[in-house]
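One chain comes next, on its own, written out as structure tokens in the form predicted alone.
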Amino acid sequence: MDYIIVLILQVLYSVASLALVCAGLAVVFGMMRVINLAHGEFIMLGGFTTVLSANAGVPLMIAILVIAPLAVGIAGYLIERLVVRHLYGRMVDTMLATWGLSLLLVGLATMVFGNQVAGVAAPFGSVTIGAYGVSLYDVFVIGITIAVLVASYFVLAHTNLGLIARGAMQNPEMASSLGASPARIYSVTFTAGAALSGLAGGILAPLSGVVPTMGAAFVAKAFITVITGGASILTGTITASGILGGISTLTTFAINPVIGDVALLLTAIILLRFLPYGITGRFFRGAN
């Protein structure tokens, strides 16, 4: 029974961490149809911001929940204004620009921090369940992911800002004629996506450590999950994270982590073969 409880907690943690990594990308790609290949580097920046802030004496939770998303959100705002804004509607150009940006950020981070792992200790300690130890920080990751998803749903579905943003993405000409500024909405949306990526990096920093090249480990899984989820931002992210994260974790427990990643990829391929518009494109049309 103890093993089952620990396994369930690990599955929930895997699903939560995958959803958290995908959240920023889901906002940018799901709403704006911008393929941001620097998404992993935004996560990396959030991780380094957390480590530097914590080492400077800032309380770790403030570094994770406030400083990391704020710093990366500001960086995302500047990148949108200087680069991405000029490439809307040009998907290939946007991919090339953000790919170049990812290489630039990795190079700059390597120059500043060196090619070595930096990190901070995970807080909260652990509890014992039978013969197994469970980190309370894993439980915190589950809880904060739920809070982020609930808050995102509330903003998108129950605020004027969310309504205006969704309307501008679907029909920018109509939104402009009604007095909304699509350019400003795009900027706010991209900034929000960057801030969510920074939050993910900050939360994951005590677990995985931070290295300039860490973004590559996240961006592939994030894109696979978001594309598998389909057009609905939150429903798609939650559903795809649940399926892919659950299968990957169970396979990892049964065999090893490499086969777990292979199982995640194969599951995504099978789902997209039978559901080419993603899970939400088939089952949750019109969901947020």
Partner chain sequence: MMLKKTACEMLTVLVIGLIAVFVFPNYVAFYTVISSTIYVSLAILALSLALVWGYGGILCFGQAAFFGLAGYTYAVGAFNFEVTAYAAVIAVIVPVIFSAVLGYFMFYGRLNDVYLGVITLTVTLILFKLANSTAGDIYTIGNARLGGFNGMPGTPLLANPFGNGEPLSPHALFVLATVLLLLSYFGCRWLLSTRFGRVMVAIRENETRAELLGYDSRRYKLIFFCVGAGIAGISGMLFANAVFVSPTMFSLNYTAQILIWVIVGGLGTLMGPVIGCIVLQVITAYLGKTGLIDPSAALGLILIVFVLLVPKGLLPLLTELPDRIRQRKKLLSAEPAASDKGEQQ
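Numbering follows the first chain given and starts at 1. On a predicted model such as this, the values are computed, not experimentally measured, just so you know.
This next part talks about the form predicted in complex with the partner chain, which is not shown.
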* Quick one: find which of 82-90, 200-208, 134-142, 187-195 has residues within 4.5 Å of the partner chain in the model of the complex by heavy atom distance. => 82-90
* To do: Scan Leu78, Ala147, Met111, Ala121 and let me know which has any heavy atom within 4.5 Å of the partner chain in the model of the complex.
  => Met111
* Asked: Of the options Leu60, Leu250, Val262, Val66, which one has a non-hydrogen atom that comes within 4.5 Å of the partner chain in the model of the complex?
  -> Val262
* Using 4.5 Å between non-hydrogen atoms, is Ala254 touching the partner chain in the model of the complex? -> no
* Classify Leu272 as contacting or not contacting the partner chain in the model of the complex by the rule of any non-hydrogen atom within 4.5 angstroms, answering yes or no. => yes
* To do: Spell out, yes or no, whether the shortest heavy atom distance between Leu52 and the partner chain in the model of the complex is within 4.5 Å.
  => no
* Answer with yes or no whether Ala71 is in contact with the partner chain in the model of the complex, where contact means some heavy atom within 4.5 Å. => no
* Full three-residue contact with the partner chain in the model of the complex, heavy atom 4.5 Å, for Val11, Val127 and Ala151 -> no
* Structure fact -> Near the partner chain in the model of the complex, with a heavy atom at 4.5 Å or closer, the residues from 13-47 are Phe29, Arg33, Ile35, Leu37
